[in-house]
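We begin with a single chain expressed as structure tokens, specifically the form predicted alone.
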């Protein structure tokens, strides 16, 4: 079922010029501590309000930065010493990995399965072939794309565990010629782990902006109000709406985020595993809200590939995934799942847009 939602506009102070950003409010805020770093191929901003129960804010931020760098070492496909790079270079041999890598792979493979392969963490050869890793962009031939698509199959990934000297050992096996790419899940899982660490330190209000549209809110704003997160207009540079939420994560996937143009055609980085080419599903962007940032990142990618009809059906069929979504079509139409109806509003200049609420 679907119904129309009227526009609820208002003037918003946009403070972060990102595809998905925190909107600043006018209320007085507690003292905040902030740290910015470049990791996982993007700029991240960590903002904490107040102090932890046992450690000061600066010490907590130091620990968060170290945690991000530690996880990046494991999950990067371009760092030769990392788990993912070693699995990719193993030529089909069994490769020992750290516990966080095994855990992330298992969670990711479950999401690959539930999305019917719309999310596939073995698409790295195709991503490289298009030039999205080294920015040497090119359009592969149809024959090359067919060959690349034949090497994309998450079902071929094996994650096992055993014991050695009383310790649990995790191993991953991937057929020769296939390669892992955790770009659609690593930032989300990192955000979730950071939020867990902050909660353990007694932090009750924080915003973790991990860049490229991955945001994890910890608790509420210090004044008790919800965080206000802007949603970019994929057809322009403005923000068409705002989500108000607390203690939730947000992730967006859109063709406008990373792309190149050749001979008048735009090619974006979100690939359809079936074709090894940019997904052409009729969607311009998908925003997902969930308690899990991993779910947000993984499903925003999968829903973009699936398109509106199949994406909405996935939402209806899998309430256990605990997510809500905003779909924006190539024509600028907005479709909102029912759980976000009270959390989403249109911004000034977009009040005339119709929003279809899905149930």
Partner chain sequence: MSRNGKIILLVLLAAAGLSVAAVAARRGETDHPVARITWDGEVVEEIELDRVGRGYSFTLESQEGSNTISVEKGRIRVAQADCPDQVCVDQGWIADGTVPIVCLPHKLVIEIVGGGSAFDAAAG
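Residue numbers count along the first chain shown, from 1. Bear in mind that the values here come from a model prediction, so they are computed numbers and not experimental data.
What follows is about the form predicted in complex with its partner chain, which we do not show.
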### Query
Could you tell me if residue 226 has a non-hydrogen atom within 4.5 Å of its partner chain in the model of the complex?
yes
### Query
Contact between residue 268 and its partner chain in the model of the complex at 4.5 Å, heavy atoms?
no
### Task
Evaluate residue 190 for contact with its partner chain in the model of the complex, applying a 4.5 angstroms cut-off between non-hydrogen atoms, and reply yes or no.
no
### Message
My question is simply whether residue 209 lines the interface with its partner chain in the model of the complex - judged by any non-hydrogen atom within 4.5 Å.
### Response
yes
### Query
Out of 130 to 138, 194 to 202, 156 to 164, 172 to 180, where are the residues with a heavy atom within 4.5 Å of its partner chain in the model of the complex?
130 to 138
### Message
Quick one: 69, 76 and 293 and its partner chain in the model of the complex, is every residue within 4.5 Å by at least one heavy atom?
### Response
no
### Summary
Checking 250, 283, 126, 121 against its partner chain in the model of the complex, the residue with a non-hydrogen atom inside 4.5 angstroms turns out to be 250
### The single option of 231, 186, 84, 105 touching its partner chain in the model of the complex, heavy atom within 4.5 Å
231
